[in-house]
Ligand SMILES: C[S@@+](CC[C@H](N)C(=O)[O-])C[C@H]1O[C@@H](n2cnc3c(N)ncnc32)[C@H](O)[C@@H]1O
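A single chain comes next, written as structure tokens; it is the form predicted on its own.
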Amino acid sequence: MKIPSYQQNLLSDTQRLTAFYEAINEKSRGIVYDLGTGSGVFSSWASPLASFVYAVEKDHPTAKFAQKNLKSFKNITIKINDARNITFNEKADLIICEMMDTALIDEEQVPVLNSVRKYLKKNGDIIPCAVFNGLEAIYLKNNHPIYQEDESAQYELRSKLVIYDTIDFKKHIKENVKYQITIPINTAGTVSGIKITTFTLLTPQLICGPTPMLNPPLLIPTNQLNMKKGENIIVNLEYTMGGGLDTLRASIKRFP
């Protein structure tokens, strides 16, 4: 069976894999859920340390690929379903869920965890355990959101990074969000967009910055303002976590 191209890209991101391997090796025990298992690599890492692993994948071709990869592991079962539709009979000591995207907008991490978190034991863990999001003002020529995955995304920075949100995956997360963020401008020129960078906390002691397949920075166009160094802008930003980029709205205004 040929490996799906998206899964091949995930498995080629060594920085992402190394971070998750370290976290899974530290936290795996008892009952483990691997939600959105993909190729099954995270389940295979958890298996030697767990009593049982429930690997969940809703995409049928991907799930079949995982079944082939995991057939020799006697303590792993694969459920081909949306994790939100499953009633788990055993509570988890660990939930692995990497349905991640920058600012958690375009993947299902938040709605899935909001649904499945009730099956986590009180002393259980989640990998990743949290993210925090940062924002910078930029000059951007693009007129649509674009991920900074390579050098094709051209922009110029107009500010330093401002952290605007921290999200703890063990707590219920509001999916529809609105922010007003004040950004000091430190480079004069036109501001016509924002850059969102998401940093992933795999465990409380292990942080992973953006990688090619884990939350590459997101560049978002806004209206334009000509700004001087030392002036401030307010960014009005809203989106639905798990709702997709079509829910994204961003605009800027001078402050004061």
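Numbering starts at 1 and runs along the sequence shown. All values derive from a computational prediction rather than experimental measurement.
We do not show the form predicted in complex with the ligand, though everything after this point is about it.
- Although the partner is absent from the chain shown here, Gly36, Ala83 and Glu98 each have a heavy atom within 4.5 Å of the ligand in the predicted bound form.
- Listed stretches are 158 to 166, 129 to 137, 173 to 181, 74 to 82; the contact stretch with the ligand in the predicted bound form is 74 to 82, by a heavy atom cutoff of 4.5 Å.
- Out of the listed residues Ala19, Ile233, Leu10, Leu248, Leu10 is the one that sits within 4.5 Å of the ligand in the predicted bound form by at least one heavy atom.
- When contacts are judged by a 4.5 Å heavy atom cut-off, Lys58 counts as touching the ligand in the predicted bound form.
- Taking non-hydrogen atoms only, Tyr54 never approaches the ligand to within 4.5 angstroms in the predicted bound form.
- For Phe255, no non-hydrogen atom is located within 4.5 Å of the ligand in the predicted bound form, even though that partner is not displayed.
- For the chain shown alone, Leu219 is not a contact residue for the ligand in the predicted bound form, no non-hydrogen atom being within 4.5 angstroms.
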